[in-house]
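First comes one chain, alone, set out as structure tokens in the form predicted on its own.
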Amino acid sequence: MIAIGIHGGCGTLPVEMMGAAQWDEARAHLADSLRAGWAVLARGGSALDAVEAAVVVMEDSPYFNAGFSAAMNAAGEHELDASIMDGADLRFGGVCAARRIRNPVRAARALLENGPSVLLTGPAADDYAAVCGIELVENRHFTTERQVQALASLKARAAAGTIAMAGEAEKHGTVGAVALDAEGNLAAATSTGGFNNKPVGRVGDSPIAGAGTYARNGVCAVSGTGQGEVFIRRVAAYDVAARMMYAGQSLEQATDAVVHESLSSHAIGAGMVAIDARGCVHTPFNTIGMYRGWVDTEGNLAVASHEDIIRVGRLQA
């Protein structure tokens, strides 16, 4: 039994802000991400390999705030965070404030495998990736016109004192994947550029075990999206697992409670993709939309950006 779920962030634009062709392409990139992860699982590969493969596709897409098209900090530069976790033995790897790693999730995976550290930051993360043979690029590689405009918009709002009126898509976004493999192992991975106009050196929840990413065999795997400071304070991803382990809640009950009660109580936009030990995927969010998708245990692939769910087809196991 195998299954996979992804999110591309709860910072989804209103429908009218992009043309139909762009929405179609963004959803196609979600489907490509799912196919990449499913292909790993279908040939007997690990959940770890599957979530890494799925996240790499989204890191290379212009539609999501991770890798290429990552958000820009207050200095107009990119600082990237990512992590990956193995539910079988709780191994974890994370990088934060990286500036040159084309696919930060790959560096996080290398750290998970090689240890003994679980988190590297800034130049040390870039240097580690280089030693591991992971592709480095110039910081400007990540810059897209969409993020340049978003940064300018937020700076203008900050100057005018209207920052509270900014939409989720102007502020932030994240990508993540969760998977169950044929051996019953769970894994999760998350990658982000943080939020636009963030302070230089800021680190969010995405590279923090238990905050933005968590996986534990027999329970669940979780990847979050939203204001990272609150996810850290709430230990949000682990809270889902704790509710399931100690309170007997189902995946749906636990994730809904965390997103719609705990996180929403802070008046932030938030969302999650999570999977349980039976391969059930749940994707709650409290914003106008969240890029998301899944392939269920029967191979049925679906993607969505707002309320409507698009059934793409059935993949072979």
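Residue indices: 1-based, along the sequence shown. Small disclaimer: the values here were computed from a predicted structure and weren't measured.
A second form of this protein, the form predicted together with another copy of the chain, is not displayed here; the remarks below concern that form.
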Open item on the list: I need the one stretch from 111-119, 217-225, 137-145, 181-189 whose residues put non-hydrogen atoms within 4.5 angstroms of another copy of the chain in the model of the complex.
Closed with: 111-119
Open item on the list: Ile208, Glu229 and Ala242 - do all three of these have some heavy atom no more than 4.5 Å from another copy of the chain in the model of the complex?
Closed with: yes
Task: in the model of the complex, the one of Ala130, Ala124, Ala152, Ala74 near another copy of the chain [non-hydrogen atom within 4.5 angstroms] - done: Ala124
Open item on the list: Does any part of Met85 reach within 4.5 Å of another copy of the chain in the model of the complex? Heavy atoms only, please.
Closed with: yes
Task: Arg91, heavy atom within 4.5 angstroms of another copy of the chain in the model of the complex - done: yes
- [ ] May I ask you to check whether Arg234 falls inside a 4.5 Å heavy atom distance of another copy of the chain in the model of the complex?
- [x] yes
Task: Contact test in the model of the complex: Val200 vs another copy of the chain, heavy atoms, 4.5 Å - done: yes
Open item on the list: Using a 4.5 Å cut-off on any heavy atom, which residues of 1-39 would contact another copy of the chain in the model of the complex?
Closed with: none
